[in-house]
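Given as C-alpha cells, the chain that follows is alone and in the form predicted on its own.
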C-alpha cells in the first residue's frame, strides 16, 4: 500500500488516508462473505445506463468501500472536472486545448464555445459532408478513374486514426453495406500495405489518408506507397482525386499530395487522436455500415455521456468503474487490468482501450509538472473469450499477480448457431465465478478421491489444483452489439479513464511520451539509408544495431 500522496488537496488526502485504513481493515475479507451477508447484493450492485448493464457485485468492495471511493471522487473535484470538460474549458492545459470529443456526438443545439466560437455548426457541417460523400459511394455515383464504382476502401492511419475505426468496423459486421469492404493499414512495416494491396483493383479502390497534421511518418510512407501503386497499376494523376481523400486539418499538405480540397474532411485541435473515431476519422465506419448506423453509434455514446454528466457519482457507471480501478491499483496493489470481451467481433477492443487508457494516464507528473508519488495508469491487456481461457486465464486463476477483470457479453448473437452462444455465455459466467469462488485444498482433494484416486496421490496432486479465488471482476452485458450499444461501451471506457485521471491529477489528453522516440527515429533513419553517415552521436548499442542493418541491406536505398 502506498503512502498518502502529497500532491493531492487536503480533503482528498484525508479521503485517501481513510481508504488506506479501510484497505487494511478489510484485507482478509472475501467477496463470497459479502454475498452471504447481503442476499440482495446483486440487485444493489447492478446499474444500467445507455443500453448497458453493469454487474459489479463480484468486486472486493462493500458499501463502506464504495462510500469512501465516492467521497474521494467528490473531494478530488470530480463533478467540477466533468463540467469543465463538457463546457469546453482548456483542460488539456499543456497544449492549451479544450477536450471536446463529447461535442462530436452531441445532438443538442446548445452552443459549445472554443475561443468564443460555437463549434456545433462545424460539427454539423462535417457530418453533412460525410453524409454526402458516403451516399455517393453507396449509390455507385462516386466513380474511379475508369468509370467504375468503389468497392474497396483502404484507411491509412495509425494510433487513434486506426484503432478506434477498426474496432467499430469489426464489431458492426452484421451492419456492413453490400459491395463495400474496408481495409486498414497502420504499420510502417512494408508488408502491411503490400499484403493489403495484393488483391485490390486500383480502378475500384478508395484510399483515406487519416492524419491530423498530414505529417505522421508512418501514415505518409504508407500513403506514398499506395499512391505509387495506384499510378503503377494504371491510374492517372488526373484521376487521383477520385481515389484519395483525407481527414486532416492541414488542407495544403493534402492538396500537395494530390487530394482535392473539397475531399479533405476536417479535424480539430480539440479532438485527440484516441478519441477521434466520432469525427470524420470515423469515415471508414460510415462507409462500411452507412451513415444511419454511424449516427446511431454517436447516439449511443451521447447517451453514456449524458449519464456520466448527470447521474449522481454513487450511481454513475464510469465513476464506479473508474473508482473501483483506483481501489485495486492504489490501495490493493494490482498493477494491470484485463478486458475480456466474449464476442468475436470485439476481439480488438482491448487494443483500442490500451491506447485510450495507457496513452491518457501513463504519466509520471501531475498537472503542475510535479512528479507523482503514487501509481498511475495500469497496464491494460486482454482478448476475446473463449480463446484466452486456453492461454492467459491460467495466470488469472493461479498466478501470483492477481488482475481485476472486465467481462463483456452481448446476451444475443447476430449469428446464432446451435448451442454456440449459450456455450459462450456459460464460459463467460463460469470464468467470473471461478475467479471469485476459487477452489480450496479440501475440495480439490475430495474431488480427486471421488474420482477414484488413492489418498496418497490425491494429497500430492491437490495443491496443484487449488485456486485462491477472491479475485474481482465486473460483468458488462447488453442485449446485442449494435451501433448504439457499441457507442455507449466505448464512451464508457473513455469516461472511466477520465475519472481516474482526475483522481491522479493528470492531464489525460496530451501524450508527450511518444515524442522522443519519433525524434530519435528521424535522426537514425538517415544513418540506415546512407552507409557513410556517422553513427558517433549514438550510444554503442544503437550504433552496433545500425551497422548490422547496413550490412544486411547495403545502403538501404
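Numbering follows the first chain given and starts at 1. Because the structure is a prediction, the values reported are computed rather than measured.
There is also a form predicted together with glucose-6-phosphate; it is not shown, and the following applies to it.
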Handout entry: The single option of 307, 484, 212, 352 touching glucose-6-phosphate in the predicted bound form, heavy atom within 4.5 Å
Key = 212
Problem - Proximity to glucose-6-phosphate in the predicted bound form, single hit among 279, 432, 205, 216 (heavy atom within 4.5 Å) - result: 216
Problem - Which of 141-149, 352-360, 81-89, 170-178 sits within 4.5 Å of glucose-6-phosphate in the predicted bound form, heavy atom basis - result: 352-360
Exercise for the section: Answer yes if any heavy atom of residue 161 is within 4.5 Å of a heavy atom of glucose-6-phosphate in the predicted bound form; otherwise answer no. Expected result: yes
Exercise for the section: Please check if residue 322 has a heavy atom lying within 4.5 Å of any heavy atom of glucose-6-phosphate in the predicted bound form. Expected result: no
Exercise for the section: May I ask you to state whether residue 274 is within 4.5 Å of glucose-6-phosphate in the predicted bound form, using heavy atom distances? Expected result: yes
Exercise for the section: Examine residue 507 and determine whether its closest non-hydrogen atom to glucose-6-phosphate in the predicted bound form is within 4.5 angstroms. Expected result: no
